[in-house]
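Heads up, what comes next is one protein chain in two forms, each shown on its own as structure tokens, labelled structure 1 and structure 2.
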Structure 1
Amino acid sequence: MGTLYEDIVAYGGEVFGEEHMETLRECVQCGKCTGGCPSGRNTALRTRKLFQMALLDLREEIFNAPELWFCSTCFTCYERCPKGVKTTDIIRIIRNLAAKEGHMSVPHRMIGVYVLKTGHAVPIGPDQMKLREAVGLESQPPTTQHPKNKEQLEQVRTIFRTTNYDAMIDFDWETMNLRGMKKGGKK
């Protein structure tokens, strides 16, 4: 584990390329990101401050702040930053690092449970099957949740196993649910 900046460049670099992540260093603290942030109007999220904290290596403070999760990834700041800081991608990578260290709420982990069970973050239920029939569609779409497509669903599960996502959310393959939760929803 290096500094937070180094980790952002290393981990995010694998996906976006290192130069993309290194734009964080270009931040001049002008605050234009915060000025247009729809979250900042309503929550404690201050994008400018978050980046300064990241550069100051305040890892625990960032990872433990609930507002880290109040960015909707709207990309407004990303498009407006005068220094070309790849803001939203940096925020997503900071969240990836936080999640890897166990900072992930139960509702967020549950989304993974739905995907592991059905292949869908928002699966279908009997009521929705009726809605489909009401508009003249097949009651079940031919996706991973369809009983005919078990093999395809298994492929999605294999991905989650290969990348250890199941372990990250503490998924129990026996019960197909989260393993015992500790206080505050943290692992």
Structure 2
Amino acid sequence: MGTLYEDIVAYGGEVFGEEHMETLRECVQCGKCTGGCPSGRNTALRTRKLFQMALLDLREEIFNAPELWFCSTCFTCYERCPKGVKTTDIIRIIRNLAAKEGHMSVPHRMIGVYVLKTGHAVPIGPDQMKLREAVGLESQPPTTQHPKNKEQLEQVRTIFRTTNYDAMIDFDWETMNLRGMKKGGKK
């Protein structure tokens, strides 16, 4: 483990290329990312603050910052950065590093639970099923959530087991939820 910047470049470099991640060093703290951030209007997300923390090697502080998980990956900051910093990709890599070290918000962990249960990050519910039927569609789309596609759902679950993602989110296969959570998602 090196500095946070080195880890971002190394880990993110495997996905995006090191030069892509090295753009973090180009950040001049101008604030265009923060000023244009739709999530930042409603949350404590300040992209330039996160980048300053990353460059100052404040690993624990950034990994424990709730705002790290407020980014909706809309790419507004990415498109507006005058220095070409690959902001959204860097935030995703910081999140991945944080998750590898056991720091992940419960709502993001719950997305993994939904995928393990249904094959979807946003499972379809009774209201959506009724709407689909009202417009002449089958109540469930032909995806892993559809009862006839259980084999594909098992493939998704195998991927989670093989990559140890189930352990990373602390998934309990008996309750089909996060450890310590009841079936309804409450502690």
Partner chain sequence: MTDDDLGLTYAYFLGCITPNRYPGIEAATKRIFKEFGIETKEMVGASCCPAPGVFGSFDMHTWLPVAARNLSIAEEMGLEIYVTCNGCYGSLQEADHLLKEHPKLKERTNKVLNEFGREYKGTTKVNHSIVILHDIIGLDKLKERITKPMNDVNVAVHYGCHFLKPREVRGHGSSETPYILEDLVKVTGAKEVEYKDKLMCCGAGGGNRTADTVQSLEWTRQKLVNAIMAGCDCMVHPCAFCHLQLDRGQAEMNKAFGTNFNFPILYATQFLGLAMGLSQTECGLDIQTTTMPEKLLK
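None of the values given here were measured: they were computed from a predicted structure. Structure 1 provides the reference sequence; residues are numbered from 1 along it. What we label the rigid core is the largest C-alpha set whose atoms superpose within 1.5 Å from one form to the other.
- Looking at the condition given, the form predicted together with its partner chain, one finds it describes the source of structure 1 alone.
- The two forms, fitted on the rigid core, differ between structure 1 and structure 2 by 2 Å or more at the CA of Ala44.
- Comparing the forms between structure 1 and structure 2, the C-alpha position of Leu58 differs by less than 2 angstroms, with the core used for superposition.
- Core-superposed comparison between structure 1 and structure 2: Pro126 shows a Cα shift of 4.1 Å.
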